[in-house]
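Listed next as structure tokens is one chain, alone, in the form predicted alone.
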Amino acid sequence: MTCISTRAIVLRKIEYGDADLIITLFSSDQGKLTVIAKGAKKSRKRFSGVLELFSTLNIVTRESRGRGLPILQEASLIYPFVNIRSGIEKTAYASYWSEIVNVWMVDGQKQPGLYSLLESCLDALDQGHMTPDILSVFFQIQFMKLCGFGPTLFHCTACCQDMMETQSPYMAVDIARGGILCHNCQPKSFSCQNLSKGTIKLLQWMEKADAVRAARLRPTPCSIHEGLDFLESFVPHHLGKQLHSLTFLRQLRAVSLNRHVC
């Protein structure tokens, strides 16, 4: 039977029966894999403490005898990312990124650039190199760039006018058309989200930056809030699916905001 040995990130796990787990993994060289870990819920030796969400593993899988899922034979930890799972905020952001990747990826489709992005962002989240909200802006804008449906941010998506030529401090965003609109191209009755020039510049910069340069940036709280609000509308729209993890993340932010207000 064919065996596969690869490096992979745990995106999702579901209990199956009394003893098994179904694990969704994102592999560096195999793409998305869904496997079954036999006896993982009961065995204290084979997978104890290994199959935790967001962890990076070395895995070995083999084909099942029938048409079932591949079987997870071995798994060893590379990066456990324990600091992510120790805090609810970090867990919420990591869950959101993992769900984005899980929804986007097709089983067996290789995307090494996206794998590197997810692993590097999980590492930065675990180590605290960036605040989770800024890191989420970086992850989402880079994700869209890699997948080919990033927003048009440098010019009007309708007339191609350079964004910097407009005198307005704010520009409308047409999420369905995939970018910003100048004042002349925005319909009078058009109800849409607006972004300040400062937020647009932040998104432009994040699109061109790597993680090291992004960690040095100190954007204003307003730009972070606007950027997240825009991206968390844009990404699910173009994925064509509402994300459960995003609902929880927004609820968590609302609770945190209410505590600060009180």
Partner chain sequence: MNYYPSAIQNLIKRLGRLPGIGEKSAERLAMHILRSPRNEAEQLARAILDMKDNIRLCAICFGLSEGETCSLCADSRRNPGIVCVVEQPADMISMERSGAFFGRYHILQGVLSPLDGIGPDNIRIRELMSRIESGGIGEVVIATSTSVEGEATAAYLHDMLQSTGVKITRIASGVPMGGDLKYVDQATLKKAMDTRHEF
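Predicted model only: the values in this text are computed from it and were never measured. Numbering follows the first chain given and starts at 1.
Here the subject shifts to the form predicted in complex with the partner chain, a form of this protein not shown in this document.
S.K.: Look up in the model of the complex whether S245 has a non-hydrogen atom within 4.5 angstroms of the partner chain, and give yes or no.
M.R.: Although the partner chain is absent here, S245 would touch it in the model of the complex, with heavy atoms inside 4.5 Å.
S.K.: Can Q161 be called a contact residue for the partner chain in the model of the complex at 4.5 Å between heavy atoms?
M.R.: No, Q161 sits far enough from the partner chain in the model of the complex that none of its heavy atoms falls within 4.5 Å.
S.K.: With the cut-off set at 4.5 Å between non-hydrogen atoms, does T91 touch the partner chain in the model of the complex?
M.R.: Flag for T91 set to yes.
S.K.: Does any part of S95 reach within 4.5 Å of the partner chain in the model of the complex? Heavy atoms only, please.
M.R.: Looking in the model of the complex, residue contacts with the partner chain include S95, since a heavy atom lies within 4.5 Å.
S.K.: Do heavy atoms from each of G49, P80 and R85 fall within 4.5 Å of the partner chain in the model of the complex?
M.R.: Result yes, every residue of the spot touches the partner chain.
S.K.: Picking from 51-59, 64-72, 226-234, 213-221, which part of the chain touches the partner chain in the model of the complex when contact means heavy atoms within 4.5 Å?
M.R.: Among the candidates, contact is made by 51-59.
S.K.: In the model of the complex, which residues of 99-137 put a heavy atom within 4.5 Å of the partner chain?
M.R.: If the 4.5 Å heavy-atom criterion is applied to the partner chain in the model of the complex, 99-137 yields only E99.
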